[in-house]
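Listed next as structure tokens is one chain, alone, in the form predicted alone.
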């Protein structure tokens, strides 16, 4: 491995890594927000709404992210939706991940014991108060591990953004490989950057999981 070559391209690689982290972070925030909204809306006992939300989830979970990104970026102008490459990448990540987050939160809500809900209602709590003060906190505890896992998976999905010319890490790696004809050095550098990102997210996720589950260790 030619370290001098990697050092020469380090500014471009670091810049691309910054774009990768930005797209992943903003896309994940959008996905989490949409996922929570979809999961809460699915609690409404309105058949047409629940059917539409189910269709949304199945479409985004059942089709490749690359295809969704192409449709959003290249097909958007046909309906008047002209997005910059980075904007399309962030929005695409948000929409794609929202389907997974919605299912995570739906499972979290389903894991709340029925007895807790009935106890809250028996002391006069409204359905909204029960949702916010009983169901949502308990669902969040159950949802943290799969959320962290999904965040890690989505961080690696960002490599697809280079297809629509988002100047993220994969895009810079491809440029480096094309200019130097040293694919191994470029790919190894990319692997190091992604490993660092995944390691940071994993460690923060474990700390968050410990904090949100502290109350479970308290004596009854």
Partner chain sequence: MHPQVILHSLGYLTQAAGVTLALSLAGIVLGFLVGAAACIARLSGRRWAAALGAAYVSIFRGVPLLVQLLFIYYFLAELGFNVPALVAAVGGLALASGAYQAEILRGALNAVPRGQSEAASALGFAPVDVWRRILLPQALRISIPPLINEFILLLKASSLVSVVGIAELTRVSMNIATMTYRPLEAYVGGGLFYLAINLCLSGIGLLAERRFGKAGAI
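What you are looking at is a predicted structure, and each value in this text was computed from that prediction instead of being measured. Residue numbers count along the first chain shown, from 1.
Keep in mind the form predicted together with its partner chain is missing from the figure; the text below concerns it.
Notebook entry, point to check: Any idea which of 111-119, 138-146, 125-133, 96-104 reaches within 4.5 Å of its partner chain in the predicted bound form, heavy atoms considered?
Noted result: Stretch with heavy atoms near the partner: 96-104.
Notebook entry, point to check: Should the three residues 70, 162 and 190 be counted as contacting its partner chain in the predicted bound form, with contact defined as a heavy atom within 4.5 Å for each?
Noted result: Yes, the whole candidate spot contacts its partner chain.
Margin query: Since only the chain is shown here, I'm wondering whether residue 38 would be in contact with its partner chain in the predicted bound form (any heavy atom pair within 4.5 Å).
Written below: Output for residue 38 is no: heavy atoms all beyond 4.5 Å of its partner chain.
Check: Is there a heavy atom of residue 184 lying 4.5 Å or less from a heavy atom of its partner chain in the predicted bound form?
Finding: Because a heavy atom of residue 184 falls inside 4.5 Å of its partner chain in the predicted bound form, the answer is yes.
Check: Does the 4.5 Å heavy atom contact test between residue 84 and its partner chain in the predicted bound form come out positive?
Finding: Close contact is absent here: in the predicted bound form, residue 84 is far from its partner chain, nothing within 4.5 Å, heavy atoms only.
Notebook entry, point to check: Even though its partner chain is not shown here, does residue 44 get within 4.5 Å of it in the predicted bound form, heavy atoms only?
Noted result: No.
Notebook entry, point to check: If we check its partner chain in the predicted bound form, which of the residues in 190-205 reach within 4.5 angstroms of it by a non-hydrogen atom?
Noted result: Residues within 4.5 Å: 190, 191, 194, 195, 198, 199.
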